[in-house]
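Next comes just one chain, in structure tokens: the form predicted alone.
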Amino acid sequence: MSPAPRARRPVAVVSFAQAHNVRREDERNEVEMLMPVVAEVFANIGITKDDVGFICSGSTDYLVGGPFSFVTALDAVGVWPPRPESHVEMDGAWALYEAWVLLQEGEVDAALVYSFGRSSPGNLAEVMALQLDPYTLAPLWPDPVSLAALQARALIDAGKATEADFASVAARNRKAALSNPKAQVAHDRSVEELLGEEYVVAPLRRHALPPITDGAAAVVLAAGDTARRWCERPAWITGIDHRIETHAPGARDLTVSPSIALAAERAGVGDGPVDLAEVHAPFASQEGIVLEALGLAGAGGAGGNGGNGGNGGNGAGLSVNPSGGALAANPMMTAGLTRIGEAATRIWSGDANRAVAHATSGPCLQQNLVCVLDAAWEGA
């Protein structure tokens, strides 16, 4: 097994910006969505493109419907003077990981990370089916909701959750989103009211599904003294790791996530108390699986009913998804990076001293990234 990816050089999230998350962005293309976000993430700390030595983005051409869309997106940053640039065909959280690795090497002192996704122009169910095994699963064209419903049914059959638990997760997240000005879906509805909805794919009702979202986000990473100069209270990345489950959902137990558990262990989640968790659980049924794998189920009231998080985050000691999470807005290729940015903002504000952010991609929590953020850097 490879060594734990703990930070050797202090690197922090020092700025975060995101677009207003909307169901359909008809008036602007991807570049036009990104331009104000990039401008804001720089303006937050009073820097320009000239102050960063590396740029990394996360997106997917399948959403845009054209090849090498990330090249066009660079227009939002400005292509002159040139900067070293890279791209991952993944959520922006994985782009942040690449930038963090480069900063660890000491080649640059600051990096811009951004991501974007417009789900509205195409058929998202068909687009997402293309990520499945091309020989046995993709030809069946299973949609993400149906796959998530299989996972939810597995949880119920295993006695780890109930439909009421899913409704409770949705109610809490979307109530929290009322205080998030960038959220797409926010409301204060009771569990009983939510359980009165019709099924979309049993056992999942509308409230348990993520909204289809167009959005963009950006983060600035900085190392050492640069981070301290740009940010009064940097959110230091003390550990980060990502892992993957087998490509075949039928070959694994959908009620647990060994990949999240391993990533959490390697990132050092258990090395200290956690005040806040921003977890990327697109479906309400998935939040408890994530919290359990992170070792946070039951902490400060998070968890319940086998760790499914029916009332997660309401107790003293752990706040779960104060932003509303992916149930409030779920822009493809951006929601995971947003979890890291949202966690960092709570550290900057003093609402949290140590936070965990989680990102996922693929069906049924197939690919997972865990990032630990701390207001203090040991030895700093």
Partner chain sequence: MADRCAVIGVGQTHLRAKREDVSIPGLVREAALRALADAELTFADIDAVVIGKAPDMFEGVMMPELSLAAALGAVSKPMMRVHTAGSVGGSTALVAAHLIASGIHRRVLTVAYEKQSDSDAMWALSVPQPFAAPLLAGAGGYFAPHIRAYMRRSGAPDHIGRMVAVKDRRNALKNPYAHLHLEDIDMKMVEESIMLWDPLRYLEACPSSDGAAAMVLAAEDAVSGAYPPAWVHGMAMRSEPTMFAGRDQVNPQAGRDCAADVYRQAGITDPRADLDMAEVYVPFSWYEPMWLENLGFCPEGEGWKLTESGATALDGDIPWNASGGVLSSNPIGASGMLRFLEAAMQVRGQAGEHQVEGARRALGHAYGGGSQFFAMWVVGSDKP
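Numbering follows the first chain given and starts at 1. Since the model is a prediction, treat every value here as computed from it, not as a measurement.
This protein has a second form, the form predicted in complex with the partner chain, left out of what is shown; the following refers to that one.
- A residue is said to contact a partner when one of its heavy atoms sits within 4.5 Å of a partner heavy atom; Arg206 fails this definition for the partner chain in the model of the complex, lying far away.
- Contact annotation for Ser323: none of its heavy atoms lies within 4.5 Å of the partner chain in the model of the complex.
- The partner chain in the model of the complex comes within 4.5 Å of no heavy atom belonging to Val52.
- Contact between Val64 and the partner chain in the model of the complex is found at the 4.5 Å heavy atom cutoff.
- Stretch 96-104 is the answer when you ask which of 211-219, 166-174, 281-289, 96-104 has residues with heavy atoms within 4.5 Å of the partner chain in the model of the complex.
- This chain lacks the partner; the member of Glu245, Asp275, Asp109, Glu265 within 4.5 angstroms of the partner chain in the model of the complex by a non-hydrogen atom is Glu245.
- Site annotation in the model of the complex: the residue of Leu195, Val71, Leu178, Ala158 reaching within 4.5 Å of the partner chain with a heavy atom is Val71.
- Relative to the partner chain in the model of the complex, residues Arg83, Glu89 and Val127 are all within 4.5 Å by at least one heavy atom.
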